[in-house]
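First, one chain by itself: the form predicted on its own, in structure tokens.
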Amino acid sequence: MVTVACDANGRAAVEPFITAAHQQHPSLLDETLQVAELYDVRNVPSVFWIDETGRMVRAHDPIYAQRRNRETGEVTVNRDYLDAVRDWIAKGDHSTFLMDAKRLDSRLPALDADDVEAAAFFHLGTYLAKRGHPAEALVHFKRAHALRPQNWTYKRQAWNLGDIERDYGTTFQEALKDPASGPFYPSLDLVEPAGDGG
């Protein structure tokens, strides 16, 4: 298992979370969001299963293995998803949790010109924001968001580099209700195995 933190704010933003999690697997930093764009990650978390041959067999699962309630501190483990991973490890290509080509294609749509243009505007905005030009950065961030309003990765990164209320005239909760943005997370689409008692 490998985790990749996609955060334009760099190591200082992600290291406290990695340290607090006491992870025992490699944790990488994608400060320029290259991995996010190659895998069309429009929000995090986004989990991918890649087999020993390098073939992707599941894509874009919006899942946490465990969640901690910020108010109560209670930790909930996602046993169904972890059992699906264990099923794949045990059965390989015979696991019923793998996505067929049609389902994978629906999770990994081909990029078009608007995706490429949105990426260019987003990266230019990031470059300007990190070099102390927030007003100029905002223009480019807004262009990226207009081209790809459903890309929550671009929005969340831009908001973290500025101020959502001052710069965009909204709040995170209000942005969630914007129909142009699409769902915050795609559906999990975890198919239960049939007839094997699992």
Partner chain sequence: MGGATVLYQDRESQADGAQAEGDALWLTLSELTATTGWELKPEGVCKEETCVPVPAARRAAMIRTQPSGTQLNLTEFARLIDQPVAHDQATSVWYFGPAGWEWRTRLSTRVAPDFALPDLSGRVHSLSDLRGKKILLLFWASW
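Numbering follows the first chain given and starts at 1. These figures come from a predicted structure and were not determined experimentally. What we label the rigid core is the largest C-alpha set whose atoms superpose within 1.5 Å from one form to the other.
Although it is not shown, the form predicted in complex with the partner chain is what the next lines describe.
At a distance of at most 4.5 angstroms from the partner chain in the model of the complex, all three residues Thr3, Asp30 and Gln34 contribute at least one non-hydrogen atom. A residue is said to contact a partner when one of its heavy atoms sits within 4.5 Å of a partner heavy atom; Tyr168 fails this definition for the partner chain in the model of the complex, lying far away. When the partner chain is considered in the model of the complex, Asp189 lies well away from it, no heavy atom lying within 4.5 Å. In the model of the complex, at least one heavy atom of Met56 sits within 4.5 Å of a heavy atom of the partner chain.
The shortest heavy atom separation between Ile18 and the partner chain in the model of the complex is within 4.5 Å. In sequence order, Leu124, Tyr127, Leu128, Arg131, His133, Glu136, His140 are the residues of 124-146 having a heavy atom within 4.5 Å of the partner chain in the model of the complex; the partner itself is omitted from this view.
Core-aligned CA deviation for Arg67 between the shown form and the other one: 2 Å or greater.
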